[in-house]
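A single chain comes next, written as C-alpha cells; it is the form predicted alone.
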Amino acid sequence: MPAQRTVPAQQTLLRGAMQRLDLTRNAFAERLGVTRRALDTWLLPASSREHRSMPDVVAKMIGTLGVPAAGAAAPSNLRARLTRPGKPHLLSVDVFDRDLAEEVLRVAETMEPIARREKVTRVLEGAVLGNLFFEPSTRTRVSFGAAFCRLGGAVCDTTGFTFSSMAKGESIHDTSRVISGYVDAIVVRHPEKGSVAEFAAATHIPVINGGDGPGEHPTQALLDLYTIHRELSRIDRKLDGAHVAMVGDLKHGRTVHSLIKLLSLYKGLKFSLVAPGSLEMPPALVALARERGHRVVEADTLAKGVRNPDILYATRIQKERMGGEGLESYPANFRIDRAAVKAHCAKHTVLMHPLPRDSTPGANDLADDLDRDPRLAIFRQTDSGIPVRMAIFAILLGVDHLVSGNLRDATWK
C-alpha cells in the first residue's frame, strides 16, 4: 500500500496521542525518542514535499503508551453525551466539559484529510441540510454547507428574512416544524438571542446554533479551540497556564462569549479582557472564569491590558447590534496593526480573529498590514471550520464512527 494512504491515520494517531498524554510536540518527541524535526515531518500533509511516513516501530511504541489505534469502527457515545434524548441539538457550549470538548476535536482531526480534499466519504449520502441564515453571513454559512457536502450530504440554503416566510408573519415554531419535514438537520443563524433554541424546541432533528444575536456561537468557539491547540502545539506550548488576551467589542461579540466558557475549562489561564468603556465582557462571564480559578484582568486600553500574551483574539465592533451606545466612544487606538503588535505582543503570540474583519481605511480592527506576519492565524482558523463542523454533523447524525472505514482517495487534484 502506498505510504500516502496511511497519512490520515498516521496524523490522527500522533495528534490523538499528544492530546491524550497532554504533551507538547517537544515533550512527545522526547517520549518517543525521536527528534522534533522527525515528528514534524510525520505530521505534515501528504501534499508537502517534506512529509515522511512514520516507521512501524514508532506506531507500536505509541500503542505501548496506552493510546488506542486510530480507525476503530466501534459506535461512539458522543451523541448521547452531547445531547438530550430526543433533542440532538448543539445550542451552547455549556454542554461541554474538557474531556467532551477534546473528544469532539479528536473527531475533527479524523476529518482533516477530507477537509484537505485528499479523501472522500459518503457517510451522509441522501441526507439534506437546511441552512437557515436570517443574518448576513459568508464564512459560517458556506463552511457549514461545505462540511455537510464533504460528508456526502446535500444543502438547501435560505438567507435573510426577505426571502423567508417569516416576512409574511410566520412564527419560528411553524418555520421549524415545516423545514423539519424537508431536511435531516438544520443550522440556524438569527439576530435575536434565544431564537435558535425556539427553533430547536419545535423539532426532533438536529439543530445547530450558527449564532443567535449577541448570545453564543458554539461551533466558532470549538474551531477556535481547535486552532488554539494546534497553534500552541506548533510553538511547543500548552493551553493550561496560557495567557489569552481578548480585545475589542466583548459585550456584543458572541464568539468571545462562547470561547471564554470553553477556555475556562482548562487550568490556570490568565485572561486579559480589553474593551472600551460600555463594551466590556458581560459580568456573568467574567465571574464564571474567576470561579473556575483563572486570573482575569480587565482594561480599557491595549497599553494597560495586552502584554506579551500567548493568544491575542481580536474582535470587530458589532455596529449592527448597537442602538447607538459605544459608537462615539470607540477609540481609534484600538486598531491591531503592525505597530500595536510590535509594542504589545511577543514573538510567539498567535494572532486570531473570528472574521469578518473591517478592512475599510482607518477601521479599528485587525489591520491588513499583518497579513504576511507568520503569527497571523486567521486563515488557518477559518480552515479549521470545515473539519470541526464535519465532526459536529457526524456526531449529531450518529455516523462519526463510520467515517474512517468509509474513505477513498479523491479523484481530482
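Just so it is clear, the model here is predicted, and its values are computed rather than measured. Sequential numbering from 1, following the sequence displayed.
Although not depicted, the form predicted together with N-carbamoyl-L-aspartate (NCD) is the subject of the following passage.
Although N-carbamoyl-L-aspartate (NCD) is omitted here, in the model of the complex none of Arg20, Arg106 and Thr110 has a heavy atom within 4.5 Å of it.
Heavy atoms of Pro354 reach within 4.5 Å of N-carbamoyl-L-aspartate (NCD) in the model of the complex, making it an interface residue. Proximity of Arg139 to N-carbamoyl-L-aspartate (NCD) in the model of the complex: non-hydrogen atoms within 4.5 Å are present. Using a 4.5 angstroms limit between non-hydrogen atoms, Lys119 is distant from N-carbamoyl-L-aspartate (NCD) in the model of the complex. Within 4.5 Å of any heavy atom of N-carbamoyl-L-aspartate (NCD) in the model of the complex lies no heavy atom of His89. For the options Ser272, Ser176, Thr227, Thr255, the residue carrying a heavy atom within 4.5 angstroms of N-carbamoyl-L-aspartate (NCD) in the model of the complex is Thr255. Shown without its partner, this chain lists Arg316, Arg79, Lys238, Lys261 as candidates; in the model of the complex, only Arg316 has a non-hydrogen atom within 4.5 angstroms of N-carbamoyl-L-aspartate (NCD). Checking 354 to 362, 372 to 380, 25 to 33, 54 to 62 against N-carbamoyl-L-aspartate (NCD) in the model of the complex, the stretch whose residues place heavy atoms within 4.5 Å of it is 354 to 362.
In the model of the complex, N-carbamoyl-L-aspartate (NCD) lies within 4.5 angstroms of a heavy atom of only one residue of 175 to 210, namely Arg189.
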